[in-house]
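The form predicted on its own is given below as one chain in C-alpha cells.
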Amino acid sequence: MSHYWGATVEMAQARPISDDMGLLSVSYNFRLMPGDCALIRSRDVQRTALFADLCSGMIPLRSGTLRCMGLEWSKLNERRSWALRGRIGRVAQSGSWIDLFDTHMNILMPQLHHTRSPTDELIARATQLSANFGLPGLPVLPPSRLGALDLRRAALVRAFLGEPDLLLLEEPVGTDNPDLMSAFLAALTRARDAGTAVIWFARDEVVWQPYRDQATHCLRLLDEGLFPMRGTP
C-alpha cells in the first residue's frame, strides 16, 4: 500500500456553500495527518453526513481551501475527483445501499470502479474482512434482506476494503455488540498503523470512550463549526 504522507485532509478557512442543506456556511479549519484519528461528536445526523460530504469534495466552497491528500478539490475535474474519492472508505448512515444489486456487489463495486485490482483478489479480501467482522461469509443477499447488525458489518467491510487513505465513519458501531466493537477497533488500529487517517463520527461520545486516549483529535461538530471537546488540549 502506498499512502500520501502529507496532510490527508486540510481545511483552511473553508466555508461551504450549504446554508440551505443543514451545514451552515461557517469557516472550518482542520488538519488530519496519515494515521491520525479524529473523534467528532455530532448529534445531528444530517449535519454529520454533510460534513463527510464536505471532506469528500462533494460540497463546493464559498471561500477558503480544502485539500485531500494534497489535492485541492475545487481544482480537480470530475474524473480526478472520483478517482480521489476512490481512496476514501465511508460508512454512511443512510442511502448508501442499492437494493437492485446483492450486498456483495454493493461491497465490491467501488473497488471495481476505482481500481484495477483483480476481482478474485477483491473477493478474497472482502471475504476475509467479512469473517473479521463476524459475518459467515461475503453476504450475497440484497441489502434489504440483511438484519441491521449484519448490514452494519457489511458497511464496515466495504469501508475497509481497498486499504483506503481516509476513512469517514458515520456511527460505525454501537455499544450493543462487544464482539463487533472489538473487531472494529482491531481493524481501526491496523489501518492507522498503515497510515490511514480516520474521522469517526458519533452522536454520543460514550461509544468511543475506551478509545478516546488513542485519538489525535476530539471535536464537536456544531452549527457554528468544529470545536475541541471539553477536557482536550
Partner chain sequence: MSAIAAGGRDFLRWLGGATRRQLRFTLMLVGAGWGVLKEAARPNSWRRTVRLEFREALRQATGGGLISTLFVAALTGFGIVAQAVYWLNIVGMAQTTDSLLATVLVREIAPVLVGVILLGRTGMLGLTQTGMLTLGGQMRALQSEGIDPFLMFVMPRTLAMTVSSFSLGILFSAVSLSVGYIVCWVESIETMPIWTFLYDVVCAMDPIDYLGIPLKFLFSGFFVSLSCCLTGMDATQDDSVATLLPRGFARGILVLMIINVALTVGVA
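Numbering follows the first chain given and starts at 1. In this text the structure is predicted, and so the values were computed from the model without any measurement.
There is another form of the same protein, the form predicted together with the partner chain; it is not shown, and what comes next is about it.
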{"query": "Candidate from L149, L122, L141, L76 lying within 4.5 Å of the partner chain in the predicted complex - any heavy atom", "finding": "L122"}
{"query": "Interface residue in the predicted complex among V45, M33, M58, A186, criterion: non-hydrogen atom within 4.5 angstroms of the partner chain", "finding": "M58"}
{"query": "E171: touches the partner chain in the predicted complex, heavy atom cutoff 4.5 angstroms", "finding": "no"}
{"query": "4.5 Å heavy atom contact, R158 to the partner chain in the predicted complex", "finding": "yes"}
{"query": "4.5 Å heavy atom contact, S130 and the partner chain in the predicted complex", "finding": "no"}
{"query": "4.5 Å heavy atom contact, H104 and the partner chain in the predicted complex", "finding": "no"}
{"query": "Interface stretch in the predicted complex with the partner chain - options 172-180, 58-66, 191-199, 204-212, non-hydrogen atom within 4.5 Å", "finding": "58-66"}
{"query": "Residues from 100-116 in contact with the partner chain (non-hydrogen atom within 4.5 Å) in the predicted complex", "finding": "L100, F101, M105, M109, P110, Q111, L112, H113, H114, T115, R116"}
